[in-house]
Every structure is written in C-alpha cells, then in structure tokens.
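Before any questions on how it binds or moves, here is one chain, the form predicted alone, in structure tokens.
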C-alpha cells in the first residue's frame, strides 16, 4: 500500500498523472464499489488481519463477484458461512481455494500468513453437535497463522473425558470453549486454567435452550473469572478474538 501511494504521488509530481486520476486510483486502494457491495481493500494493512466475507444471505453471483475481485487483487480472503451447495457452484472458478464443509469456511491464500510462535490456542467443544461452530473457530485461527489444538466431545455430561486432556489444555495461551444445552463447559474450564477463556454458546439443545439463549446467559453469568463471551454460534468471532489475544 505505501509503495503504491508513493508511486502515485511521484506520477502526480512529474505530471504523468493528473490529480483527478490520482484521486480515483487512491480511492481504489481503500475500497471498491461493486454496486451490490462495497469492498474494504485496506483491512489487512489497517488491522493486521486478512479480509473476511460473510456469505450467508448473499446470492451465488454476489459471492462470486466479491471473491473474484478480492482474489484478483491478491488479498488473502476467508469466506464464512458458505454452504456446501453454494460452494459447489463456485468451486470451478476458484480451483486454488480450500473449502471445509464442516466449518463452512473457504480460504483463498496468496501470501502465507506470518506464523505465530508464541503458543497454541485450544478449542474445547462439549459435544459432536457443537462441531461445526468449533471448527469455524479452529479454521479461523489456522487462517491467521496460529496453531490450534482441538479437544472434541468433552462436555460436562461425561466430565472425565475433559480431565484426560487437562494438562494440554492448560498449556494453551488462550482457550475457546464451545457448548450448547446449559453451557456449563465454560465455567468448568474457566475454573481449571490460568489462560483467558472465550466462551461460545451454541444453538444446540432442547426447547428450553431457546436456540442457544440459555447457554449464552449461563456463560454470561459464570462465576469463573477470566471468561469473555461471544454471540450464539459465533465460532469466527471467538477464533478472531483468540488470535488477537495470542498475538499480544
């Protein structure tokens, strides 16, 4: 970005580019208006993390336009909530992309992310029904160049399953807990580790779970210290926050 700006200013200075043309080109470095979407072309430089496209609610043609433009611009892109049926229609246009059906994540990598060597992030999920959200968190962490270790199906209904992994979980610099039903896993883990815990409530549970609201409220009301809570099913948000914490 800085080199591109210097080049444009040099062209204005030597008269090979007029001010109006320079303004248009400078604006294109920061955002691009596709008509249906205004793309942020400057996010990675500004925040240090590559661009993310939320695909739910967008049409196949809109997603294709967005990914195509970002891809040709050489920007690393993570597409979230990309259903497999839609991906099958898009796949021929992006043969170099990596898609995971479980997490519904698609990544387009041009420049390998800087690898974080400070330590790993643990993603601890309560049950198999929570796997999609847990994988969204884990895949996000890997997209940004951090090591993730997965601990699946270790919920409180069989808490001995958690204890056999406890030392390795305690070795993580950040811990993400993913649970539905009553969301008790976050409180249990929060009372056993000295790392910050990010709790992700899921919409898994019977009627009184209210599509994840009961787990959300349980996590917000946890008596364990050092727990932050993201929104229901927000694996991406938890993974992104964990990456920021691990970078500190």
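All values reported here derive from a predicted model rather than from experimental measurement. Positions refer to the first chain, counted from 1.
Form predicted in complex with another copy of the chain: not shown, discussed below.
Just to confirm, residue 174 within 4.5 Å of another copy of the chain in the predicted complex by heavy atoms?
Heavy-atom contact with another copy of the chain at 4.5 Å: present for residue 174.
Residue-level question: is residue 13 within 4.5 Å of another copy of the chain in the predicted complex, judged on heavy atoms?
Looking in the predicted complex, residue contacts with another copy of the chain do not include residue 13, since no heavy atom lies within 4.5 Å.
Residue 147 versus another copy of the chain, in the predicted complex: is there a non-hydrogen atom within 4.5 Å?
Although another copy of the chain is absent here, residue 147 would stay clear of it in the predicted complex, with no heavy atoms inside 4.5 Å.
Consider residue 50 of the chain shown here, and say whether it contacts another copy of the chain in the predicted complex, taking contact as heavy atoms within 4.5 Å.
The answer is no: residue 50 has no heavy atom within 4.5 Å of another copy of the chain.
Which single stretch, out of 109-117, 122-130, 90-98, 68-76, brings residue heavy atoms within 4.5 Å of another copy of the chain in the predicted complex?
That would be 122-130.
Do any residues of 72-100 have a non-hydrogen atom within 4.5 angstroms of another copy of the chain in the predicted complex? If so, which ones, in sequence order?
Residue within 4.5 Å: 81, and no other.
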